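To begin, one chain is listed below as structure tokens, in the form predicted alone.
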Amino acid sequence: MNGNNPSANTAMPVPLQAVLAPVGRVAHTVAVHAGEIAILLWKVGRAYTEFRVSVREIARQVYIIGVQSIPIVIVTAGLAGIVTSQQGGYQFTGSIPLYVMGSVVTQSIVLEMGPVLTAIVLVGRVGARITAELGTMKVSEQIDALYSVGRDPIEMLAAPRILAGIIALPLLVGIANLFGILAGMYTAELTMGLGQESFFYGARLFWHSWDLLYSLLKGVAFGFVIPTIAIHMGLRTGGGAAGVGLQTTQSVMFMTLTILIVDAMFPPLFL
């Protein structure tokens, strides 16, 4: 009977189908998100080139994303510097000069911990807020109301936030680098007896002029990624209050994973 049925001969084995089906679903989800983000960025780019974005709204978003995030960024960077200094001191032995601690703290903070920890903090403080805010507007039909009165939500809600993120994140990264290094320096002085002159001698010994720009470039990339994903996830929210909560959770996961992927791509591309 099966020999006369062509579909029976070409049917995929059940174990293979069970393996490939989840892969196909993931690939389809990634393709859908990538396409929607590309369309969003195309509309945002048109808003920029046609000068339809409010400068006042950009400044307001820079204040919300940047200025209001300074305290938590300083605390996070300071703790990162303290932990780096303490862990480095624990690992050092008598055969390693103490001034090398300056290089360990400086390079760790500037190249990695400053940008990444700042971005992770901004995911929770800014990214989740943007997704929840736009998601609530979506499910309450405020987005549709903007379209009905001839206003474009992309140029009003999306474009200012993305540009503000690109502006604010590098500045926050610079602040995080400064306070992380200072915290590591004072911790090394208190716990290891390493003087400030010796600390900065070690920091200068292995410093490259490209390092600071590399750190700020990470800030630019993260400042673009966080609001873009947050806006994309917020604008595709549905299902009422439960949908807003679910979409916000997925948005935080998506942003965090993307930040780590982008961070992993930086060394082979720029170092």
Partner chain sequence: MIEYKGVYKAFDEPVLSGVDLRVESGEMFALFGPSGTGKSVLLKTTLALIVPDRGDVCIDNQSVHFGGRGTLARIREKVGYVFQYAALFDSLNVFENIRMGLPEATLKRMTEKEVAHKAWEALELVNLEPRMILSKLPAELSGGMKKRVGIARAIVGRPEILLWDEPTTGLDPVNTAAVERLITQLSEELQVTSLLVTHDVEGGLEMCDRVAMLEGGRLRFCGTPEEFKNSDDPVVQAFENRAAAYAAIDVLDVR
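All values derive from a computational prediction rather than experimental measurement. Residue numbers count along the first chain shown, from 1.
One more form of this protein, predicted together with the partner chain, exists but is not displayed; see below.
Not displayed here, the partner chain is kept clear of E189 by more than 4.5 Å at the level of heavy atoms in the predicted complex. Taking non-hydrogen atoms only, Q91 never approaches the partner chain to within 4.5 angstroms in the predicted complex. Using a 4.5 angstroms limit between non-hydrogen atoms, S95 is distant from the partner chain in the predicted complex. Of the heavy atoms in Y201, none are within 4.5 Å of the partner chain in the predicted complex. Each of R46, D144 and M156 comes within 4.5 Å of the partner chain in the predicted complex, counting any heavy atom. The partner is not drawn, yet in the predicted complex one stretch among 109 to 117, 134 to 142, 73 to 81, 168 to 176 has residues with heavy atoms inside 4.5 Å of the partner chain: 134 to 142. Using a 4.5 Å cut-off on any heavy atom, none of the residues of 253 to 267 reaches the partner chain in the predicted complex.
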